[in-house]
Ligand code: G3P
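The chain that follows stands alone, in the form predicted on its own, written as structure tokens.
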């Protein structure tokens, strides 16, 4: 499973990349709007920070297929590199995904809430589908099972589309979709520290340091070799 950052703040992503092995960035209109800055500038800064090889997923805002395609092409032209146009999982979105596939544009079907939506988007040619885990849970749906169903359907029919799970409330949800075979997840920058932190790790390190100091004081290993 690969990790992506769900952010429109290039500075935050740069700090994250210094510590965590992410494979790219996803954005959406809500995340972009929170920055209260020029969209073009935000995305240009993001591409500069992550470079041309990491994935950058940017969402179209149109509702009609032809307009989605035009916007996706404009975004790809402006942002370049390893770009994915995020297209909503709607009937018009399916049409846009099919058209973009024929043009060689990578796509991510977003706002996916059912296995059938995911399967249709995959058949249309989407490279990723993005089920919203916590939003599904808020609807009293077993979101983890939905992710598992999507993975199994793709495996059963030999589809190359990958599952990019999004919308998480806690680390257990992340772990559960990983166990279900989700190919990728996207998380807010602040969420990553929750994945790596554990009180028992902190306790073990404190013990190591105490034991070392009891014998060697403040001497460092590299100074003693």
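As the structure is a computational prediction, the values presented were derived from the model and not from experiment. Residue numbers count along the first chain shown, from 1.
One more form of this protein exists, namely the form predicted in complex with the named molecule; it is left out here, but the text below deals with it.
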Check: Hey, in the predicted complex, does residue 54 get a heavy atom within 4.5 angstroms of the named molecule?
Finding: no
Check: With the cut-off set at 4.5 Å between non-hydrogen atoms, does residue 159 touch the named molecule in the predicted complex?
Finding: no
Margin query: Under a 4.5 Å heavy atom criterion, is residue 167 part of the interface with the named molecule in the predicted complex?
Written below: yes
Checklist line | is_contact(residue 62, the named molecule) in the predicted complex, heavy atom dist at most 4.5 Å | finding: no
Notebook entry, point to check: Thinking of 6, 31 and 132 as the candidate spot, does the named molecule come within 4.5 Å of a heavy atom on all of them in the predicted complex?
Noted result: yes
Item checked: Contact segment among 45-53, 167-175, 193-201, 66-74, judged by heavy atoms lying within 4.5 Å of the named molecule in the predicted complex -> 167-175
